[in-house]
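Only one chain is included here, represented as structure tokens and corresponding to the form predicted on its own.
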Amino acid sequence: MTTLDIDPTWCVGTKAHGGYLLSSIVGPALDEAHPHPMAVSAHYLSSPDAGSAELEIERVRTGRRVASSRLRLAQNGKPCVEVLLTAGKYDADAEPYWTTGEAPVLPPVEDCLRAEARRRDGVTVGFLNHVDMRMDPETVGYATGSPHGKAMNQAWLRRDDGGDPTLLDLLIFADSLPPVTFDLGLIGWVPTVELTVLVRGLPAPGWCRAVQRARLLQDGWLDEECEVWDSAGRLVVQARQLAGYRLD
């Protein structure tokens, strides 16, 4: 058991950002032989507040190429996040043997809109003090009351300090774009129930591009699929989550 201090500057309102939590939980479970998160599946049971939390790391299996771990985050004895992690070691020089799909086409960074940490309703989206997110103007019609109805958004992403992205940063980027429900005119909280992130390789230095879409909203539940591409045009993250929404 180890102690994890949840930084209040990463919170959305009073609750910790899901991607930040995932990165913070996974980091301590990596080791020299298996330094790279490859597949991460998280179930969010309750939303922890800023402050001290307890992290339990259980190594389930250590193999030649990958290690599997079960991670549990609790606060004041209440379970908050359960994570299954597969970690290994990627080759920095690896090139795709076969691939399909292309990175999203975005306007130049300087023509995109920076997402601000302070919202009009007074809620502080703290993680945006750490993530520089530049939204494609074509996907933020909801900000002016004119959502496009496509359940899609896309943006440039990088660390706010301008540093090159790490694999743990990619876990944060995978959960950084605004909910796709905003583009349907549903401006409200979209709590994540489960998030799976596949980290596909080491990211090149510089800005990343991300696109997020939904396929189905039904009965108060939706899916969100997110892809993150690095500055070299390589797919470095595939993520999917199940989340809730409300029509009122």
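Here the structure is a predicted model, which means the values were calculated and not measured. Start at 1 and count along the sequence shown; that's the residue number.
Just so it is clear, the following notes concern the form predicted together with another copy of the chain, a form of the same protein that is not shown.
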### Summary
Of Leu168, Leu128, Leu113, Leu84, the only residue with a heavy atom within 4.5 Å of another copy of the chain in the predicted bound form is Leu84
### Query
Using a 4.5 Å cut on heavy atoms, which of Asp164, Glu138, Asp160, Glu102 is close to another copy of the chain in the predicted bound form?
Glu102
### Task
Verify the contact flag for Ile187: yes if a non-hydrogen atom of it lies within 4.5 Å of a non-hydrogen atom of another copy of the chain in the predicted bound form, no if not.
no
### Query
At the 4.5 Å heavy atom threshold, is Leu4 in contact with another copy of the chain in the predicted bound form?
no
### 4.5 Å heavy atom contact, Gln238 and another copy of the chain in the predicted bound form
yes
### Task
Using a 4.5 Å heavy atom cut-off, state whether Glu32 contacts another copy of the chain in the predicted bound form.
no
### Query
Just one of 105 to 113, 170 to 178, 89 to 97, 129 to 137 has heavy atoms within 4.5 Å of another copy of the chain in the predicted bound form; which?
89 to 97
### Message
in the predicted bound form, does each of Glu194, Ala214 and Leu217 have a heavy atom within 4.5 Å of another copy of the chain?
### Response
yes
### Message
Can you list, in sequence order, the residues from 122 to 157 that come within 4.5 Å of another copy of the chain in the predicted bound form, counting heavy atoms only?
### Response
Gly149, Lys150, Ala151
